[in-house]
Each structure stands twice: as structure tokens, then as C-alpha cells.
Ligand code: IMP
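Just one chain is shown here, as C-alpha cells, and it is the form predicted on its own.
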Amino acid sequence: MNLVVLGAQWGDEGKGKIIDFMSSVADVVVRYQGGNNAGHTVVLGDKKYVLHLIPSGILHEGRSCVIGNGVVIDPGYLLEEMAYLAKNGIGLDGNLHISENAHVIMPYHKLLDRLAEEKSSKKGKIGTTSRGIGPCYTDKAARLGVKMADLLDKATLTEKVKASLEVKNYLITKYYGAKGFEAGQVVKEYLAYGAKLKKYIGNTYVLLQRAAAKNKKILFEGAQGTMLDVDFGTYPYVTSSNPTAGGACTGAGFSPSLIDKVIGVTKAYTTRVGEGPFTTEMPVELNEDFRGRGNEFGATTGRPRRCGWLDMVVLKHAHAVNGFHSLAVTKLDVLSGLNELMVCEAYRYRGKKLYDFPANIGVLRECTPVYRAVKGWKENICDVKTYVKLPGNTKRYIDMITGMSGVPVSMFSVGPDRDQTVITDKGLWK
């Protein structure tokens, strides 16, 4: 049984919590795209773990955790994250595996990312984390990238860095007016990273094939979310990879015929970080209220998240792209105490209703939400352990999500802790 768990909105849906919960019965957990621009937060008792590269399954003893070829890796940051886990008693040796085909974020990628964002006008800003993700994927597509395997080969690494810096230094110094890089220093630094990571680097797609042949349970975790997908998101306000279900196959070297189920994670409302159109965004006062209620600040950057009502146009679009077998609804508890909730069932554009998500960013900017008002609930649901015990209006809200999206809800969460997750479908791993 092989499952893909991914975000159905703009990321920050609580995937880390859901993946951690499901990792308790998984054998292998795989991260298949993105970089350290994404953060998965897991709360265990009074301890909070925020992971950016290593799959959150590492918090379960004995799980094999794979960083796939579709991930772009900042090796310096990865070593920091490994040290952080080791300091907290989390074992890595024999449990962590890094694809030799994963591309490496170089120091010039991070600088170019920051310089490009600084140079952009406010209207042209993407809202990047400036961690080099986009420029690294650019080099990958342009066949100029450095792979993790190259960090173990001085001659290859030197050749690639020198070739890349011929162009990068010209751009950095002549166009941006900043200081360039010396190839020898870059090579020395990254060979040192390679030496420290050598025992973790290998052919991970073979590892996954062998695990599948032995009927191991493999869990693929997506970073960011469907609406940040470079093909199907709110382009250009997107990430530079494919967080969607298809990315799990290309980003891990795994056959789509072996994927059994795809689970979409959605908040009971909607948030996004950074720039770009956001049709259901709340007014300022209500936005601030939801940030306080849901602790809506980015796990990676700490930026305040923009909050909005649940957007069914987005959720149905995500289902169409990914083919969800079920949904995990998070942060239901955040809605407690509200008399009335709004749910966006369509967009209005120049007098017409749109039920399909528009690809044209200009059209999207003009869209306004068509809302359906539904009754809220006053009860505190943080200690609820079953669907049956939920207040009537909470159950109706969940049922409405299923009815409007066409996707059953297989689990929901009523708080940040691991034990505040409720399974409604006991056959998820069957």
C-alpha cells in the first residue's frame, strides 16, 4: 500500500501533523519535491518540531526516510537540521537516505534569489523565501545543475561550478552590482558538505522499488500545496516544483501504477503566505482574529499568513488535478465559537459565475467570492475523539465539504497535538 499525502490549498494546511500521524504505521516516508522553503510542524506533547527537508516520519523510530530526487537540497541547512534532530535524540543513521540525483542549492542560487526579489517592483514580487529554490530549479531545467552525487567527486564538482560561475558572476556583478563568487572557495565548501553526507547519499529509487516489492507501506509527503504548483497553481505566484500527486512519481522515481491512494489535506478555512490573488481573503480585522486563533504564521519564515474562508473552487480544482481518494480536514477547532461561517461555492467574474478555477491571473484578480452562509458552533471540540461526538453543526460542516467536493473526509483534527487527530476511515492503509 502506497499513499501520497499533499496539500489541497496554498500549503500550510497541517500536512506535517497528518503525515506524522500516518507515519506511525508506514515503513518508508518520502519527501518528493521542494526545498527548505517549506516547513512541516509536528507537536509531540510539549515539544514542537519544525522540519524543512527531512521527512517528518523521522520522528518515529525505525522509519526509513527518503529525500527524493525531486527535492532541491541546501546541504549546509540539511546538516543543521540533522544536528537539531540528533540533539533531540532522533536517530538518523540507517534511517535517512538522500537521493544522489537530488539537485543542490548553491550559494549563488540564494544570492540571485534575494537580488531578483529586491530588484522587482512591488507589483512584480513573488513573495519568495529567498532560499535559492527557484534559481536551483532553473539550473536543473537548463542542465546546469549540481547533483548530490557531484559533492562526492571533486573533478566533476569543479567543472560544474566553474562553468556555472562564468554566467552567474557576470549576472551578479554586472546586472545586480553585487560581489561574485570564487570557484575554488565554493568547491571547497561543498566538498566538505559531501564528506559529511556521503554515507546518506545513494540510489533511493532502487530502495523504493525494493520496498514496494516487499509490500512495505510507503508514504509520500508533499511540501507546499496544489495552488503553489508551478503548472496548476496561481502562476507566477507559485513555487518552482510540482507539489501535486504527479510530482510524487517524478520526484521519487516511483511508478504511478504503484500509487494506491492520494489524500488531500485542507484546512477548515483557507490561508496563503506571500503575494498573489486570494479570492476569499478576509477583511483586516477578521484576518487578525484568525491569525490569533490558528497561530497562522509561516513555519519557515514566520511571516503572517493571509486568512480566508473555505474556498470550494480551489478544493474542487485540487481534486481534479490530484484525484483525491479522501480528505483530511485540519484546524476545525479554530472555527469554534463563530455563529456563522462562510463557504465560497463559486467566483463571480464580470457578472458571470465561475465554478472552475481560472488559469488567467488577470481574470483571477477580478474574481469575487460567491458565498454560502452556514451555521457555526459554540462548543469546544478539542477533546473530541470520534465523529459521532462532534456538535451537530460541525458534522454538517464536514458533510458539506464532502458533498460539495465529491470527496469523503477520512480524518480531521481538532488541535495541534498528535492525539487530536480523528480517523473516520479505518481502512486508509488497506
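Computed from a prediction, not measured in an experiment: that's the story for all the values here. The first residue of the sequence shown is number 1, and the count goes up from there.
One more form of this protein should be noted, the form predicted together with the ligand, which is absent from this view; the next part is about it.
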* Here the chain is shown alone; which of Ser336, Thr250, Ser130, Asn169 has a heavy atom within 4.5 Å of the ligand in the predicted complex? -> Ser130
* Asked: Of these, Pro75, Pro107, Pro277, Gly274, which has a heavy atom no more than 4.5 Å from the ligand in the predicted complex?
  -> Gly274
* Out of the stretches listed (234-242, 161-169, 261-269, 90-98), which one is close to the ligand in the predicted complex, meaning heavy atoms within 4.5 Å? -> 234-242
* Asked: Is Thr226 one of the residues lying within 4.5 Å of the ligand in the predicted complex, judged by heavy atom distances?
  -> no
* To do: Look up in the predicted complex whether Pro369 has a non-hydrogen atom within 4.5 angstroms of the ligand, and give yes or no.
  => no
* Asked: Does Ala38 reach the ligand in the predicted complex if we count a contact as any heavy atom within 4.5 Å?
  -> yes
* Asked: Taking heavy atoms only, is Arg303 within 4.5 angstroms of the ligand in the predicted complex?
  -> yes
* **Stretch 5-19 - residues with a heavy atom within 4.5 Å of the ligand in the predicted complex** => Trp10, Gly11, Asp12
